[in-house]
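Read the single chain below, which is given as structure tokens and is the form predicted alone.
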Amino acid sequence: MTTWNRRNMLKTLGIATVSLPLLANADKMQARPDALLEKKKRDPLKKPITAVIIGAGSRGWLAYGQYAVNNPDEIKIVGVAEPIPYRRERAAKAFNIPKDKQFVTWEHVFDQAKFADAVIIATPDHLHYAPAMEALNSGYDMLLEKAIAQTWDECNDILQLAKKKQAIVAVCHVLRYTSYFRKIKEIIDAGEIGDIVSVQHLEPVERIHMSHSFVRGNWGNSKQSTPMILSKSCHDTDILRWLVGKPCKRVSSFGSLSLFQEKNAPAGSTSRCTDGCKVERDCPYSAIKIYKEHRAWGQHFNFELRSADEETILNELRTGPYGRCVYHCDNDVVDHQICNFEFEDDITVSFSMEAHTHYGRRRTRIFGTKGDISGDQDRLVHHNAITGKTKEYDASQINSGDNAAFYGHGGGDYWLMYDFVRAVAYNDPERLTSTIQASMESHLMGFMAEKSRLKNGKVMEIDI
């Protein structure tokens, strides 16, 4: 077995110093879902914070930028860095950003003296580390998209610099901020299922999401982004660590890329769906059907065009990454993976990432000494073994009165921004659960799971 000494990791995290309250706070329920809107009414800001968006694509613009559009009394976007002119101009117009604060690349933001309270880094994975380090050196607080960085050492560099600069760094583990997962955390922390014994968790990525984002898209090649367990499923390692509330001791993992390889290309296929492919009409991954005919996975997933007319879309498919045949791409990330985690007190957790599903939304089952919980993000069932009673919730009940639910990730994008804005405004990182300090251990779970997978499932022991 390969050992990672957790004592060294805790030393790295600085648990004996300022990080202890932050990491401890990550295991606590932050707020009752039905109290969140009332909390907002009681927690107004004296003045809005200011921020720079670095990467104005689907996350920077559609998630965090939209919060700023709808809450100008809380956050004002005063700068944008984005290489695609359309996206940069869109943000500049929405926020009335002057020309000298509109940048083509992230480096130019830091050519100027600090001019905002925070930066929002929503760049591709391989462009997290450098702008994050520069932002911290320049004195900014930071909202940082997951994964934190491409390697454990880079993650640790960002952590150490954040500690040195006493900066607030929030990692975008948005599931923690959804009313659905907060409700599960509330039930667990109230002792209503007793002590957790085991957990089963499934992430069904959904076929077209997989082909769009992790074959044709930005996260298909692990060298350009990160392995699947980090680029997609660090949401899951994070939420599992948060719900269990105890450290992980051992990890093993298996998985591979089964379908989306050249050897599986059907006879008659071409490198692009627009090149006269003989099987295009029968292919579930036809780019012509997905993007032109069904108009799916476009506006919200990095396929943004000034015009949605057919010729514009076809031209993009002829020349851009999303028109490529899924069997002729440069992708290498797995399309199915299983991870086994053993936590403190012998709690066992199984996690499965599965791309080949027609449905999405995570399935979670938590088994305790006094009851159990099961849910699929639409419906949540809590059975109390002591009383024999079962209580069911649906998403509309959990989100009752929560006008944030229309935001991405079941309201998680909204409430992450809500807490981040207040953490910066009041210089109070404890308003967040997903600080970089709290996120490091779940990232370690992912890095170690990938090591195990590459070593044919070898158990990776985290020595406490």
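Residue positions are given as counts along the sequence shown, with the first one as 1. As the structure is a prediction and not an experimental result, all values here were calculated from the model.
The next section is about a form of this same protein that is not shown, the form predicted together with a small molecule.
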{"property": "Asp238, heavy atom within 4.5 angstroms of the small molecule in the predicted bound form", "result": "no"}
{"property": "Heavy atom of Thr105 within 4.5 Å of the small molecule in the predicted bound form", "result": "yes"}
{"property": "4.5 Å heavy atom contact, Asn218 and the small molecule in the predicted bound form", "result": "yes"}
{"property": "The small molecule contact at Arg59 in the predicted bound form, heavy atom, 4.5 Å", "result": "yes"}
{"property": "Options 117-125, 251-259, 159-167, 331-339; stretch whose heavy atom lies within 4.5 Å of the small molecule in the predicted bound form", "result": "117-125"}
{"property": "The small molecule in the predicted bound form reached by all of Arg207, Tyr291 and Met353, non-hydrogen atom within 4.5 Å", "result": "no"}
{"property": "The single option of Gly65, Pro429, Gly55, Gly411 touching the small molecule in the predicted bound form, heavy atom within 4.5 Å", "result": "Gly55"}
{"property": "Residue (of Lys146, His201, Arg272, His382) lying close to the small molecule in the predicted bound form, criterion heavy atoms within 4.5 Å", "result": "Lys146"}
